[in-house]
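Single chain ahead, written as structure tokens, the form predicted alone.
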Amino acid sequence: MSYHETLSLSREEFEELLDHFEERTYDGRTYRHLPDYRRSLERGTALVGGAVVRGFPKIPRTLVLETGVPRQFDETVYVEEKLDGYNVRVVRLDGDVLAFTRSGIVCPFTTAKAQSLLDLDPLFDDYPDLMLCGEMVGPENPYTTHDYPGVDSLAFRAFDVRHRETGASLPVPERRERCAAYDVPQVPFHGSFDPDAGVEPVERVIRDLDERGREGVVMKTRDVSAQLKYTTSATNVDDLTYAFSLPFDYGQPFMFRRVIREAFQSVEWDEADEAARDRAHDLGEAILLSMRETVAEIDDGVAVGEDHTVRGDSEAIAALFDHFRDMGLQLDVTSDRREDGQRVVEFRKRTQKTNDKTRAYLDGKIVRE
């Protein structure tokens, strides 16, 4: 079957979309991936040696639970935790387990980690056409860093299992049973509820997650035909703290969306004036203090950026750095050592816009508004 038939497109439609795919090579294997959403194709869809790896769809967000949930769902809603990590899809092609990032790039480090962290051969032997969708979480990873109890370095948590070519999901209960049967770790499950009975159950979950500094929830129907996400105030503040520490590298829409979420949550939860002022205080500190620290560091001659630690096989880490450099990233290695037979590297991705613009303003560049 040709690519266009597998993707349920006409030959003409596929030929038009093909111009938007980018070509890359991993371990001698050439493939093409779609870095952005185009028509009916999800971002991250990859074409590999005659095989299709579907991208992961966008999940809509609600700012108001009370009205957003019943508008999206008319059947039982399953609630799973949304983890703060980076989205990966793991498949097996021609006997090789490969891990694709959200944009459809095969990440050499993530691929090596998936192979070492998970024993996936039994799953793929029985279900070769499945695609394991999950989050890589933990303090030692090359894309995002966030601490989770029980995760010292890096861990995988599945949140979906889909057919690799069609993108159809396994129903939530079946997926959780299958992953458990094959020892695949999953995101925490927080129960199910009837949206007609009100959103109090999911609100209680979110308040609990907020107190523990967790990210939020993803709500979905049994067959995953509809999904909806909602984040906690804690993660909004953390995101703003991070974004304003690199203010010229994270766009205004990124920051503005999180402030908007805080305003709507404050109103929906009917906060008293004192609680709202506490929320505003937290937001103000996240915005101003993190940016102030960055400006002071650059004023002192320090190059700011995103700090990461990775741990693993030396060859996999070397391949990761080659991968980053091929993408045009500037890396500053601050530590490179061996611990318990593994290579551990601490490095900084230099965020050039924030460094350059902040330095220019400190040197007297005029701001025209």
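For every residue, the number given is its place in the sequence shown, counted from 1. Please read all numbers here as calculations on a predicted model, not as lab measurements.
What comes next is about the form predicted together with a small molecule, which is not displayed.
- In terms of contact with the small molecule in the model of the complex, the residue from 343, 29, 43, 32 that brings a heavy atom within 4.5 Å is 43.
- For the residues 169, 227, 265, 245, the 4.5 Å heavy atom test against the small molecule in the model of the complex is passed only by 227.
- Under a 4.5 angstroms non-hydrogen atom cutoff, the small molecule in the model of the complex lacks residue 325 among its neighbouring residues.
- Under a 4.5 angstroms non-hydrogen atom cutoff, the small molecule in the model of the complex lacks residue 240 among its neighbouring residues.
- When contacts are judged by a 4.5 Å heavy atom cut-off, residue 82 counts as touching the small molecule in the model of the complex.
- At the 4.5 Å threshold, heavy atoms of residue 115 stay clear of the small molecule in the model of the complex, well away from it.
- Contact with the small molecule in the model of the complex, defined as any heavy atom within 4.5 Å, is confined among 123 to 131, 93 to 101, 146 to 154, 73 to 81 to 73 to 81.
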